[in-house]
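In structure tokens, the next block holds one chain alone, the form predicted on its own.
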């Protein structure tokens, strides 16, 4: 039985593919899509289309690697519950154990692509970025994403009717090639500049808008990075920051224990808070997620004073 109404054909097709390789996940996905309204399902349908485009002929590998990711995250969750901390705390260890392991990273990134749909908090943040952040930017805004990953956020920014230009920066040439391939597959690469840049050496005051999504938790000193990003914004510019709370993963270093800690760090970097979204995981409300210290996505919209 389909988990979404029949008109959402791409979403149902992707769900069916996922359940072929991960039938034990039916209960989770049933909760994930329970009580979803038409607007949410329509966004999921569009997102499913992009997942299919990015994956191409490797779509089965994507859903298989999502199962692998789920098992791996469960191991990290058990460690987190037992020890009350993330497994790693130093970037050098994450580099050695995760980022330098090419086969591991390929499976990890594949699984994370599928998680944009299967983990409701990921989907809600992406939709909040499109509907809650981008329309509030000034007309003709120039946009930067640091660490653009699969290009889903960057593609939305480039398509914004009030935007003038968009670019993505990363310190990894290999990561940028993956972003370039994903954007091309989605038909969203035109006019997007991808550059190998270290933000700590970039000139200030270049952009009206910045995205920094799921990067803070990978840093030993996230506050320092936020202060650098504030310098990259023009006066009156806006930033979209997204970081997970209580979210163990093999390369997560900095532990945020409440969504307010993310908001407060953005404020401590000198930004004025405009709005927030605290998105709980699939099958849980925000109150339950707080009580049980479950993973919560904390998205913060903030601006640089004029």
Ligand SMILES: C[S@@+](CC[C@H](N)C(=O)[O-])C[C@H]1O[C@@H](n2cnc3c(N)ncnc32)[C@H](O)[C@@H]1O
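Positions refer to the first chain, counted from 1. Between two forms, the rigid core is defined as the largest C-alpha subset superposing within 1.5 Å. Not measured: the values here are computed from a predicted model.
Although it is not shown, the form predicted in complex with the named molecule is what the next lines describe.
Undergrad: Answer yes if any heavy atom of residue 76 is within 4.5 Å of a heavy atom of the named molecule in the predicted bound form; otherwise answer no.
TA: Because no heavy atom of residue 76 falls inside 4.5 Å of the named molecule in the predicted bound form, the answer is no.
Undergrad: Hey, in the predicted bound form, is residue 171 touching the named molecule, heavy atoms inside 4.5 Å?
TA: Residue 171: contacts the named molecule in the predicted bound form.
Undergrad: With the cut-off set at 4.5 Å between non-hydrogen atoms, does residue 153 touch the named molecule in the predicted bound form?
TA: Contact with the named molecule, yes.
Undergrad: Classify residue 112 as contacting or not contacting the named molecule in the predicted bound form by the rule of any non-hydrogen atom within 4.5 angstroms, answering yes or no.
TA: Close contact exists here: in the predicted bound form, residue 112 approaches the named molecule to within 4.5 Å, heavy atoms only.
Undergrad: Answer with one of 199, 186, 160, 72: the residue that has a non-hydrogen atom within 4.5 Å of the named molecule in the predicted bound form.
TA: Looking at the other structure, the residue within range turns out to be 199.
Undergrad: Note which of 218, 130, 234, 87 lies within 4.5 Å of the named molecule in the predicted bound form, where distance is taken over heavy atoms; exactly one does.
TA: Contact check passes for 218.
Undergrad: Which of 171-179, 76-84, 135-143, 186-194 has heavy atoms within 4.5 Å of the named molecule in the predicted bound form?
TA: One stretch meets the cut-off, namely 171-179.
Undergrad: Taking the named molecule in the predicted bound form, which residues of 94-108 have any heavy atom within 4.5 Å of it?
TA: In sequence order, 99, 105 come within 4.5 Å of the partner.
Undergrad: At a 2 Å cut-off on C-alpha positions, does residue 89 qualify as shifted between this form and the one not shown after fitting the rigid core?
TA: Comparing the forms between this form and the one not shown, which are aligned on their rigid core, residue 89 does not shift its C-alpha by 2 Å or more.
Undergrad: For residue 175, does the CA position differ by 2 Å or more between this form and the one not shown when the superposition is done on the rigid core?
TA: It does, since the residue 175 C-alpha is displaced 2 Å or more between this form and the one not shown after the core fit.
Undergrad: Honestly, after the rigid core fit, is residue 223 moving at least 2 Å at Cα between this form and the one not shown?
TA: No, its C-alpha moves less than 2 Å.
Undergrad: Tell me whether residue 91 and residue 198 end up closer or farther apart in the predicted bound form, going by their C-alpha atoms; the shift is 3 Å or more.
TA: Closer together, which means the C-alphas of residue 91 and residue 198 are at least 3 Å nearer in the predicted bound form.
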